[in-house]
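A lone chain, given as structure tokens: the form predicted alone.
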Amino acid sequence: MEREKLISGNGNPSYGEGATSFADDDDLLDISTDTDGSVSFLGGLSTRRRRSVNGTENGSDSYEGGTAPDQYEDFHTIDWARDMQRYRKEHKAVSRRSSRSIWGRLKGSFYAVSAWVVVLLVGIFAGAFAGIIDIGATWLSDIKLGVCKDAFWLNWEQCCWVQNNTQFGNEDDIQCLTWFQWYELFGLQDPQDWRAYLVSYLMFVGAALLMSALAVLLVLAFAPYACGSGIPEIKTILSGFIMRGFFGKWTLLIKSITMILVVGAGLSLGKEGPLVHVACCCGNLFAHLIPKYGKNEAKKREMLSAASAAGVSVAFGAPIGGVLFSLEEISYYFPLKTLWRSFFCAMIAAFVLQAINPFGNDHAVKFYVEYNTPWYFFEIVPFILLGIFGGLYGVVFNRLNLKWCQLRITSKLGKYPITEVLLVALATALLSYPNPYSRLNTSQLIAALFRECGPQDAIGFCDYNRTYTRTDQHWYPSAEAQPGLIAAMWQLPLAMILQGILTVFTFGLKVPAGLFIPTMAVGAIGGRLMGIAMEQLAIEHPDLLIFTGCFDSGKCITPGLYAMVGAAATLGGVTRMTISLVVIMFELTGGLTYIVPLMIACMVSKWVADAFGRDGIYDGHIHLNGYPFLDGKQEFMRTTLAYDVMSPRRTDPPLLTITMDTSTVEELENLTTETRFNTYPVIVSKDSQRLVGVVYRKELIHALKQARKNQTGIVSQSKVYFTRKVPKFQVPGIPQHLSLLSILDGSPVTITDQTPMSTVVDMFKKLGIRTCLVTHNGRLLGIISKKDVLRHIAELDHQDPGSTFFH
């Protein structure tokens, strides 16, 4: 055929002239700058005259770029391979310019260190936001119970210790003369008076409702993305999804404010997950200041990975755990340089939070433990039991929460978010206040459960028959239970059950809601109960074989250790975290001695939970919301082929393509108007179906608009060429032609129709591609997108293939 003459005859294995190489790297660099719309670092587009794209000087019209549009639209996926190629070309251009002048060398130096500048700023602001949120949440939590009359801005601890007149007693636990409970402000003095109890109860419930209402109104009015934990969305975005506004300025501001409100309201949620979202908002804002990251979505995600590490660092005071959390749970692409930047960012954030000292204890968190008593080999059995408990709790919680969230989506309940938040807040306050342990702020409860009981602890489960004027090396600090501890043995289980049930309904509300702290609270209560039971067993039966030599060091059982192990087990069962969780727990508590018990509980918890399903709570919410997340940790074990998945199928209309030299401007404009595809294959001809390359929707639309606007002679019937071979002379009566070779991607990812889908899935995971073309003997057959892969996996897993919403 005549079309075959267009195939290069120079011996190169290319399908068409669109695949031939350019004269030198400079030409390629200039064309890529126009094509991708990227702006060189700290400079605009090159102002020198570019050589004509078609290689001639005949003056024929060709697209020269201009102001490029945004590369990706909202709710679309990015092409990692293209973005990284753009970055390499930009890096080469900067390196070339840096050798030409001192100013270019300065630009090149700043280009090299810009990543460290971004992570430094992210660490500073993430630590500052976390410190402010911690201080505000602690104050609002105490406001529900009373107020510091002389200085209302102080929380309970600051009020009592600053005034230096705190008294200790047995009857009313701890007396503070400067802190007034609400009933005292109403002239009631006797805490046993039913009127005093009623006033305190009503103030507790009223404050919780007011804070919750204000939080949900702010979220719905100003920043809808500020609700929830944010971690499922962050995982999806870091895998290459675009969600405009999720890391915006309003989201950062509203989430920070409402986080203080909902934690202060006492809802069964935590601020740790939302703090990761806050840190990523900071990362996104500062990344936009540097074009290297602001204009390249793939590079921007490296900064977001570092920011997520800083978020966990300030949430738990665990910088190393934050880096491992980002690596294990959050990030999709995590090169070695991102590891070092994440470490630096987490370190700076932890340093800033430590300098703020929001809790006044010289630690970044409340849960730091001071004891290092040894653990014994026989305790492995209760640690394993706690791991089993954590795994089973994770399975039950995940299923119940996902079912409730599914009901919220599919029923009318989702139409009334304010009512739902107020009802959950009302139920939480009404049911929490009567129990002294559920009445406590959840972080304070966990801190008390982790601690070892001492003379300063007047909480009920520390009520032992002890004499602190002497030290009995045989029994101290273990002792027989007193009424307060006995009462705690039924109050703590009620608090644990209430915490678990309320968290099921709370996680997913239209307010900032993390689940780390409530999940840890459930496990800590369960662990403390087991620790108390083991402690009392050792006291009552010290002659049992398992306790031989146990009391030689003066302490046999440490209930606080069991609380730590239980908290790690439940958190591991819910999230399926392992390595990062162990590191977070020992950084969180300072319990370096207890790494092995924590490892045992986390592994057992994950094994038990994985026996019922491998998805953690975050992966479950990703699937529930239909986010396009292709999990790189799961293997594809099916035997299907690319031909089974590609579009079009046998019953579908033929694939829409563009010929490289016969299409007109009007035809291409109609094609982009009538279809919503993001990629259009370019072929030699309809007869041969031999592939030349691909063009992308946004670039094609932009190029046609710019050609109409800026180039004379371009009309609807102008032919468009995607090849270097164009007519050299203008024929009278024929409209001026347009060359769009500069927007042609001549090296798309291609596979054959017999390629196993396991290989195709690995390509999408490891290369981060957006689409790949399917050929047979060089002829174009179809195309496979990321959506096609996800739908195919859903079909094989007997799920709804239409639940994924993205392009």
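Quick caveat, the model's predicted, so the values are computed rather than measured. Residue positions are given as counts along the sequence shown, with the first one as 1.
Although not depicted, the form predicted together with a further copy of the same chain is the subject of the following passage.
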How about residue 763 - does it come within 4.5 Å of a further copy of the same chain in the predicted bound form, if we only consider non-hydrogen atoms? yes
So, in the predicted bound form, is residue 771 in contact with a further copy of the same chain at a 4.5 angstroms heavy atom limit? no
Heavy atom of residue 87 within 4.5 Å of a further copy of the same chain in the predicted bound form: yes
Answer yes if any heavy atom of residue 92 is within 4.5 Å of a heavy atom of a further copy of the same chain in the predicted bound form; otherwise answer no. yes
Looking at 668-676, 429-437, 633-641, 732-740, which one sits within 4.5 Å of a further copy of the same chain in the predicted bound form if you count heavy atoms only? 633-641
Partner-free chain; cross-checking a further copy of the same chain in the predicted bound form, the single residue of 497, 185, 579, 489 with a heavy atom within 4.5 Å is 579
Contact with a further copy of the same chain in the predicted bound form, heavy atom within 4.5 Å, among 587, 142, 83, 615 goes to 587
Whether 125, 189 and 450 all lie within 4.5 angstroms of a further copy of the same chain in the predicted bound form by heavy atom: no
What residues of 322-344, in sequence order, lie within 4.5 Å of a further copy of the same chain in the predicted bound form by heavy atom? 323, 324, 327, 328, 333, 336, 337, 339, 340, 343, 344
